[in-house]
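Quick heads-up: it's one chain on its own, the form predicted alone, in structure tokens.
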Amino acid sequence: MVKVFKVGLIGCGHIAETYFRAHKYFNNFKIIKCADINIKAAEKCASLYKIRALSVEDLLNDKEVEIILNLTVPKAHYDVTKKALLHNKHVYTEKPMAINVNDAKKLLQIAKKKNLYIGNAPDTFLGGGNQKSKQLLENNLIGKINLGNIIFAYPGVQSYHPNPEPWFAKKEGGPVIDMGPYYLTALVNLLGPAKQVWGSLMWNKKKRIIGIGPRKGKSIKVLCPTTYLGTIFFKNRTIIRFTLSFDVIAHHRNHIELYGSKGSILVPDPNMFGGSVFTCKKLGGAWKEHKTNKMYLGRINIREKSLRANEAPTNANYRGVGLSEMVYCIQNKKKHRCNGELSFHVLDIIKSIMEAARKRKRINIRSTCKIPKRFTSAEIKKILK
């Protein structure tokens, strides 16, 4: 029998709606209470989703709550996760795990000491697009991956978020710490751990204009670099060039391209769950499409325009599957895929990229992790409604 774990949400902001929607898809967790340092935000969330609003401290002390879902701003991730662990709660956190490596390491140590699970977004690599790519690579369709390119580039979050300051803050802002987790987690899932990085940075504009909400038209300060370019060297000897930028109006390149000894593969948007994978095995040959729209976590489920900026009609979005898979693993005493070691390694890559660009020298990655196993249809079925 499936046990439904009771979840307490801390951080009732922009992303919370997506996790409540996950109730429609997954069978083993239910968000029952919420909290926020802004009590009005918590009360609004509670009213909308018909749950109870508590103070943060009361939620952490609530014995009914088994898991804390930490959706606070990045700079608060460490403090909230630490408090939750010390209150003997399992934790699933939005990305990144923390905003510095030392804090993230402390969280892993506390979780291990207390025998608690700590999980971390993104879970998009569990979706049809990245898992189909993983299957094709494991089947050796295009041979050994030698090199590749990734790109995330757009004008910036200020156009669609009513409170964009955290994305331009001094320690928690910038495209690497914002969107890097999606791309880097996808790469680690496909290629394994990284060993070294180097790069350069650009600081394009000192101010941005909020484009939506009650503060529309207000100017905010940019306190961090807004473009990073560079190279990631993986332990399996693959070399990946990257572009991560808040300074590009438009581009026409694929999100992730990997080039192997027998061909090339185009991996779909790592910020979403579906999308077709394309492969080509001959110079001048046609690209073969590998559809994911019939896969459990690749099927289109966004039919109408959403309030979420990363959603549009004909998208697949199953955010929350990482939490659900962690819950399944708690109940069955297994290792979950969105685990702390993977998240820590991705954070280590992120901070190393930023350090390498700042110091203009190569930086060795100090951590490692195991490559997550492919998420099979049989496993996914167990957590679906």
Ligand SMILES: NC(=O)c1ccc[n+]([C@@H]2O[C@H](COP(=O)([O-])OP(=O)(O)OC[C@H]3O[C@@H](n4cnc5c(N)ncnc54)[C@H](O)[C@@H]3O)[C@@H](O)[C@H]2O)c1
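Please read all numbers here as calculations on a predicted model, not as lab measurements. Residue positions are given as counts along the sequence shown, with the first one as 1.
Keep in mind that the form predicted in complex with the ligand is missing from the display, and what follows is about it.
Visitor: Give a yes or no on whether every one of 326, 370 and 374 sits within 4.5 angstroms of the ligand in the predicted complex by heavy atom.
Guide: No, none of the three is in contact.
Visitor: Can you work out whether residue 74 and the ligand are in contact in the predicted complex, taking contact to mean some heavy atom pair no more than 4.5 Å apart?
Guide: Because a heavy atom of residue 74 falls inside 4.5 Å of the ligand in the predicted complex, the answer is yes.
Visitor: Closest heavy atom of residue 82 to the ligand in the predicted complex, within 4.5 Å or not?
Guide: Because no heavy atom of residue 82 falls inside 4.5 Å of the ligand in the predicted complex, the answer is no.
Visitor: Consider residue 123 of the chain shown here, and say whether it contacts the ligand in the predicted complex, taking contact as heavy atoms within 4.5 Å.
Guide: Output for residue 123 is no: heavy atoms all beyond 4.5 Å of the ligand.
Visitor: Does any part of residue 38 reach within 4.5 Å of the ligand in the predicted complex? Heavy atoms only, please.
Guide: Result yes; residue 38 sits at the interface with the ligand in the predicted complex.
Visitor: Any idea which of 92 to 100, 187 to 195, 209 to 217, 248 to 256 reaches within 4.5 Å of the ligand in the predicted complex, heavy atoms considered?
Guide: Stretch with heavy atoms near the partner: 92 to 100.
Visitor: Among 356, 31, 67, 56, which has at least one heavy atom within 4.5 Å of the ligand in the predicted complex?
Guide: Exactly one residue meets the criterion: 56.
Visitor: Among 161, 105, 288, 241, which has any heavy atom within 4.5 Å of the ligand in the predicted complex?
Guide: Exactly one residue meets the criterion: 161.
Visitor: Using a 4.5 Å cut-off on any heavy atom, which residues of 8 to 41 would contact the ligand in the predicted complex?
Guide: Going through 8 to 41 in order - heavy atoms within 4.5 Å of the ligand in the predicted complex - the hits are 10, 11, 12, 13, 14, 15, 36, 37, 38, 41.
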